[in-house]
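Okay, so here's just one chain, in structure tokens, the form predicted alone.
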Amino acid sequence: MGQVLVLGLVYGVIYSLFAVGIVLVYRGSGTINFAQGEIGTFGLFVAWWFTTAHHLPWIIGAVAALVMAAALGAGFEWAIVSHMVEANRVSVAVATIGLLAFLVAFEVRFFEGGNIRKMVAPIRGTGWSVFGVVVSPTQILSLLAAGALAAGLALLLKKTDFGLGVLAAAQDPVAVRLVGIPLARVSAFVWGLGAAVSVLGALFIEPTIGVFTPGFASEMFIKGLAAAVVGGLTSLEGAFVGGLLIGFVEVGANRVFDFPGVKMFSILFVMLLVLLVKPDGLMEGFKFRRRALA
């Protein structure tokens, strides 16, 4: 049981990061960026180019990957999404699938994508044993980074006018304009930040898995999407709760059952169960009751 809790927490935090990126874009523009996972993979290739191919410190590669991802996300919003304001949100989501395909092709062509890549860990060391599970320094760092990100986003989105504009953008764009916040700036911000958060998740999960190839973080995106749906697509708190739940379910199911595809089956089962009981997500219902009691 202790091992399930430790491993579930480690993986759940990573899924939460991907879920946060999904929720940010959905809150800011009312759509889902299906390329976010592959932006995370692309960020890994960029970081690898700096750290492994050119022997620079991990932090330089990580910063370069984060800046690239933010520019890519914001650039896609400027070049494509901003011109589809009147389009159906499904059409925008389909456009992001085109970005996903382009990134995979780019990785294969320019990074010799057929070869398996490996990133150096940000912190080297043997780690610590917790309930029989060796927790690496990188995994500890990912927990701290996720906590810092959660606190920072909470302050930004709930304590500033711009943050409140982000939260209201998809539901009430008129109100956002009335408080003097340009919708274009809000949209570019959420697409850029969502992309950068996905790279952060990919950078922290890669040392645990060990290697990566094109499409690597797209699987993480699927689990992050499940976490976002379980927690509530408009709830940042739900993104973290959903990520942890998916992490615990995945690890627990893998320990109890032994058949191919048990991880994805268990995630799909939990997601469908939540949708049947609470279609808006677990945390959406929690916030509604909290407002009702206030």
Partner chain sequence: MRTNRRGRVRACLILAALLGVSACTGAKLPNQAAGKRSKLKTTDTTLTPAEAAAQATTASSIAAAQAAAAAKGGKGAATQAAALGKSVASDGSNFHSTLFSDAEDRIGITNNSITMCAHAALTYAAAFHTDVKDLNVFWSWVNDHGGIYGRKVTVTYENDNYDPQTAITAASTCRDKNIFMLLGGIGFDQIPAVRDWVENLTSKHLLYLYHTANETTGKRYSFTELPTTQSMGKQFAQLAAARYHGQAVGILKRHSDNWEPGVTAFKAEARRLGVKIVYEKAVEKNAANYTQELLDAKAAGAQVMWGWENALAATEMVQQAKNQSWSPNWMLFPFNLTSQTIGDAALAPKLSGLAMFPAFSYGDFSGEFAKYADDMKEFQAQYAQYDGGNSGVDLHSFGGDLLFLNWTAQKALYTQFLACGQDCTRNKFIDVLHGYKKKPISSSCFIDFTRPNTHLGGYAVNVMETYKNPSDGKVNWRNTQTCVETIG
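Positions refer to the first chain, counted from 1. Since the model is a prediction, treat every value here as computed from it, not as a measurement.
Below: the form predicted in complex with the partner chain, not depicted.
K.L.:
With the partner left out of view, is G192 within 4.5 angstroms of the partner chain in the predicted bound form by any non-hydrogen atom?
P.N.:
Taking the distances in the predicted bound form, the answer for G192 is no, it never comes within 4.5 Å of the partner chain.
K.L.:
Is the gap between A101 and the partner chain in the predicted bound form 4.5 Å or less for some heavy atom pair?
P.N.:
The answer is no: A101 has no heavy atom within 4.5 Å of the partner chain.
K.L.:
Is I209 close to the partner chain in the predicted bound form, meaning a heavy atom pair under 4.5 Å apart or at it?
P.N.:
Within the cut-off, so yes.
K.L.:
Since only the chain is shown here, I'm wondering whether F269 would be in contact with the partner chain in the predicted bound form (any heavy atom pair within 4.5 Å).
P.N.:
Residue-level check for F269: no, no contact with the partner chain.
K.L.:
Which of these residues, H83, R124, K159, R109, gets a heavy atom within 4.5 Å of the partner chain in the predicted bound form?
P.N.:
It is R109 that has a heavy atom within 4.5 Å of the partner.
K.L.:
Each of W49, E219 and G261 within 4.5 Å of the partner chain in the predicted bound form, by any heavy atom, yes or no?
P.N.:
Each of the three qualifies.
K.L.:
Among 232-240, 23-31, 248-256, 58-66, which stretch has residues whose heavy atoms lie within 4.5 Å of the partner chain in the predicted bound form?
P.N.:
Of the stretches listed, the one contacting the partner is 248-256.
K.L.:
Using the arrangement in the predicted bound form, list in sequence order the residues of 132-151 with any heavy atom within 4.5 angstroms of the partner chain.
P.N.:
Stretch hits, in order: G132, V133, V134.
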